[in-house]
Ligand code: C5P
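In structure tokens, one chain follows: the form predicted on its own.
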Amino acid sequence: MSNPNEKIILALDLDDLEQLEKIVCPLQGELKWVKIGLQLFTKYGPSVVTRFANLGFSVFLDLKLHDIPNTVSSAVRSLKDLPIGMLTIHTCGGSEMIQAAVESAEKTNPNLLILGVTVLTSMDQVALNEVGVDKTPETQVSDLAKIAIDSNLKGLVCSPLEVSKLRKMLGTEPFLVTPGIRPSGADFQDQKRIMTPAQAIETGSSFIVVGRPILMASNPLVAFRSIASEINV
């Protein structure tokens, strides 16, 4: 994956499909990955995945599944006919749930990369304490990452601030996908644990997720190319 363009995942975090198509169509042939989350999926349903796949994009479906093992397994199986390359689950669901998701994917869609979400990048120490987690975000990420990898997950979603430690702990094999990416000078907005694109790749991120810095740019193609240039090191 030497092409820096392929390391950028554009988060389609708007609910206006026509507006999104106007933004992404000029990126055809340069942007590889788009991320479809709950906002789009709940409004338009599975057809939105096919729509962007038909435009030539690889789709990362970010549903963050979290339920009892059988339900998560069934949910993964129900997605077998959708053209998706990545899918998220919450690692805090535990090893049994994670293994159920992995086994379901292996049986129905062996090319699907299941990614385990550790700690959301919108959460900090205060937010974790509020929900009863008496750990630092860094420690919680490490603990959940170990559970996930021991449960046969091949990839994780984490803050770029945790990538360096995870690489030392887990090695080079797991895919590490990092949201919380903001180009230099950009507004942090609701993200608390952030890093620039170049810093994230340098520390070991496999993919970076970028949304509003491209979506809200006056020229999204120029913004995308600027980020690709920044990480082309």
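What you are looking at is a predicted structure, and each value in this text was computed from that prediction instead of being measured. In this text, residue numbers run from 1 along the sequence as written.
This protein has a second form, the form predicted together with the ligand, left out of what is shown; the following refers to that one.
Among residues of the shown chain, P197 is not one whose heavy atoms approach the ligand to within 4.5 Å in the predicted bound form. Using a 4.5 angstroms limit between non-hydrogen atoms, G211 touches the ligand in the predicted bound form. Taking non-hydrogen atoms only, S73 never approaches the ligand to within 4.5 angstroms in the predicted bound form.
Proximity of V24 to the ligand in the predicted bound form falls outside the 4.5 Å heavy atom cutoff. From the list 197-205, 25-33, 174-182, 45-53, the contact stretch for the ligand in the predicted bound form under a 4.5 Å heavy atom rule is 174-182. In the predicted bound form, T121 is the single residue of 113-138 with at least one heavy atom within 4.5 Å of the ligand.
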